[in-house]
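One chain follows as structure tokens, the form predicted alone.
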Amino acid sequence: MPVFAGVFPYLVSPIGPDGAVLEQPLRDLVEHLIGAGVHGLTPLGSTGEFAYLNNAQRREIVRIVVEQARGRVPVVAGVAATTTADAVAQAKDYAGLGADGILAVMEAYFPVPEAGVVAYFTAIADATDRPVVLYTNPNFQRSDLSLPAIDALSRHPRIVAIKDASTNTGRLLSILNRVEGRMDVFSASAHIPAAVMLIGGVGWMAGPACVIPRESVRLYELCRAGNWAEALPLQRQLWRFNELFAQYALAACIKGALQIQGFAVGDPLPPQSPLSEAGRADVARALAGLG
């Protein structure tokens, strides 16, 4: 049985103009998502703008999400750093705050050789007793996780899954074949979730689920049941949101969509720009199309 499975929305990080975390909107979002039936929560993913936050902001976001979730669903907190020591410190801190798992990604300015990449993720997994999900996003990283590196890391007892945000679904199948059941695979918004479920994925960790949680959960349930006759039409309908998030900046698009839905989550952190008026109109039409 997978340690984690289902729909894990990548939460936005509501930050005010003064840099303070907007606590109530974040708590409201957590309640909304749990009420919609999501299977877990992932603060500090890419949708959470982790690269634009300082350590104090990151810590406060994890604290609030864990506290508001109250154990009803697992919280898998994102850890990202350019140094192994910083990543290890974050993992220990978030575990101490009560996070149920760690989503680990590597930030890099200079390229890192494969042995260094494996050592980085291994150190995070060694730092706590929490299960670790690897996160690789080749479009934004200097040092990707290769198939041999993924194979090596899948043998660590606490590295339980990988979220691959490449656009290559064939790579996901290669990962599944390579790890031989030692590691589960989550889809990202760059992939078609139903297709990933069909080839053996266990769910998705993605920003769109913040905006369409009930529909995402419904799609997951249909895929799990093998009801492809209903799943595929729903997937085709929901894919419009993935197209919009690819067309417009990710954090801006999801924060804009949440604002349209009544969540005062603020705008993306500068120098990022808010969602344009054209983008808001497109997102509003897509939301209205769901009824």
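A quick note: this is a predicted structure, and the numbers were derived from the prediction, not measured. Numbers follow the displayed sequence, beginning with 1.
There is also a form predicted together with another copy of the chain; it is not shown, and the following applies to it.
Colleague: For the three residues 35, 64 and 146, which mark the spot I'm curious about, does each lie within 4.5 Å of another copy of the chain in the predicted complex through at least one heavy atom?
Modeller: Checking in the predicted complex: none of 35, 64 and 146 is within 4.5 Å of another copy of the chain.
Colleague: How about residue 220 - does it come within 4.5 Å of another copy of the chain in the predicted complex, if we only consider non-hydrogen atoms?
Modeller: Residue 220: no, not in contact with another copy of the chain in the predicted complex.
Colleague: So in the predicted complex, does any heavy atom of residue 204 sit within 4.5 Å of another copy of the chain?
Modeller: No, residue 204 is distant from the partner.
Colleague: According to a 4.5 angstroms non-hydrogen atom cut-off, is residue 106 in contact with another copy of the chain in the predicted complex?
Modeller: Heavy-atom contact with another copy of the chain at 4.5 Å: present for residue 106.
Colleague: Give a yes or no for residue 24: in the predicted complex, does one of its heavy atoms lie within 4.5 Å of a heavy atom belonging to another copy of the chain?
Modeller: Residue 24 lies outside the contact set for another copy of the chain.
Colleague: Can you check 35-43, 64-72, 237-245, 254-262 and let me know which stretch has heavy atoms within 4.5 Å of another copy of the chain in the predicted complex?
Modeller: Only one stretch qualifies here: 237-245.
Colleague: Taking 4.5 Å between heavy atoms as the contact cutoff, choose which of 95, 88, 173, 152 touches another copy of the chain in the predicted complex.
Modeller: Among 95, 88, 173, 152, a heavy atom within 4.5 Å of another copy of the chain in the predicted complex occurs only for 173.
Colleague: Give, in sequence order, every residue of 51-71 that has a heavy atom within 4.5 Å of another copy of the chain in the predicted complex, or say none if there are no such residues.
Modeller: Stretch hits, in order: 51, 52.
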